[in-house]
Each structure stands twice: as structure tokens, then as C-alpha cells.
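First comes one chain, alone, set out as C-alpha cells in the form predicted on its own.
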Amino acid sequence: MPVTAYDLTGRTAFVTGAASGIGRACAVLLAEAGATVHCADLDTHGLDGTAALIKDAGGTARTHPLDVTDRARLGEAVATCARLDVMAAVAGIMHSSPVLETRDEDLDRVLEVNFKGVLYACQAAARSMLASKTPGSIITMASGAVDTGGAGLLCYGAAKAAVVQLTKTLATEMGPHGIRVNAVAPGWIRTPMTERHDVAAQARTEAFMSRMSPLGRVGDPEDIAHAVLHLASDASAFTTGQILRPNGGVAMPW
């Protein structure tokens, strides 16, 4: 496959959670590959920062301040794309609590953002691609938590497991229309969402996660962005319904 398979010139991508972390890295890299990138997030300041990075590098960005749990608003934003080629549904939140201390409101909020928000993005993207008969790529954001589990991860892990099922189901339904649907399941990535206010505790966590990886380090947002670019591009033309695991080798499922 030639390097030009990663060229997204003339294509349009939509990235949720684009204000920081993995979402920002994805938006910037997709723009560097040539795509016009629509960036969506609740954080308007961070959103403007991402758009500035893209424009300063010579790319094209559009911003959409929105909450991914607002199905109508998200659908309206996606509809502004004359033709949508790539959807990267990255937006998500973190929550940790022991099973016996998990409250209804905790579970509801995490499922609302991490599952329903992804579902709404996928629905809007699929409808757009079907309407324009575009053989596009939809990319969801799962997590290494679906492979490894862990104390306190009930809400987060359950939502991400639901994302995996959504990905496989939608891939089956959209395949006949030439639309590919895949998930990325990152390992421990150094982002604002995983940062702790206690610097010493953060260092201990990263040291522990680095020891778990055969590569001896935690990941950076750019590591995940490159996985997303691969799935967005023609280089993955025969890939659908798959879970790509850039996790440093922490989990190696069959």
C-alpha cells in the first residue's frame, strides 16, 4: 500500500472531544493528512485552541461547541458537512468508584457520555454517509479497560464494552453500503483526563503502567491519533468491525 493511502486531501472528518487530549491529537493529525476537520466539544476555549493549531499548520478547521449527549445538536453539526468521509467519536469522561459505592447518577452520566454520545455520533455519521453514498469510515473510542478490567472501572468499563458491541453491530449493518466501522482501544495515555492533581501519585501511576508494558512507557495522544488515521484512510480499506489496540502490549487478547 503506497504512502498516499494515508492522504485525506479533499475529505471531511468530524471529531468529537476535539478540545484536548486524544481528540485534539486526532483532529490535528487528520488535518495534517489533508482533511477538512470539524471539531466538536463542550470546551469552547480548548476547541478554539485546536482550531488554531490546525489553521497555523495550514489546515482547515470548523468548530462546533456542543454536548455529544444532545442528539439533535450533534446531528445538526454533522449535517453542516456537505459530505462526511470520517467520523472519530472520541469524546468521553472518566469515573472511578467501587461497585458497592456506585450510584445511579454516576452510571447514568458515564453511559450518557461514553456510550450514548458515541451512539449519536455514529448514527449521525452513518445517516450522512448513506445519504451521500459515501464509502466512509466511522471510528469509535473504546478502552483497554474492556480487556483488563480493574477496580473502580464498572461505569467506565461497561460503557466502553457497549461501544465495542456498537462498533461490531454497526460494522455488520453498514458493510453492504461500503461504510467501515472500527474501534480504537487505547492503553494508558497521558492526557488531561488521566492527570491527577497529586503529582507524586501521577508519577507512581505512570511508573506502574510503564512496567506493565513490554515497551516500557505509557502512551501519548499522538500514538492513538496515528491509529485513528490508519482506520480513517484507504490503508485500512479491508478492515471493519475490528478493535485496534494501541496499548503498549499491556493486553494481548486473542
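Here the structure is a predicted model, which is why all the values come from computation and not from measurement. One rule holds for the numbers: they count along the sequence shown, beginning at 1.
Not pictured, yet referred to below: the form predicted in complex with a small molecule.
- In summary, among the residues T60, T194, T63, T205, the only one with a non-hydrogen atom within 4.5 Å of the small molecule in the predicted complex is T194.
- For the candidate set V90, A121, V86, A183, a heavy atom within 4.5 Å of the small molecule in the predicted complex is found for exactly one residue, namely V90.
- Contact with the small molecule in the predicted complex, judged as any non-hydrogen atom within 4.5 angstroms, is confined among 225-233, 28-36, 52-60, 183-191 to 183-191.
- Taking the partner from elsewhere, S210 is found to have every heavy atom lying beyond 4.5 Å of the small molecule in the predicted complex.
- Taking the partner from the other structure, the small molecule in the predicted complex has no heavy atom within 4.5 Å of any heavy atom of K116.
- Under a 4.5 angstroms non-hydrogen atom cutoff, the small molecule in the predicted complex lacks I138 among its neighbouring residues.
- Looking at S143, you'd find a heavy atom of it within 4.5 angstroms of the small molecule in the predicted complex.
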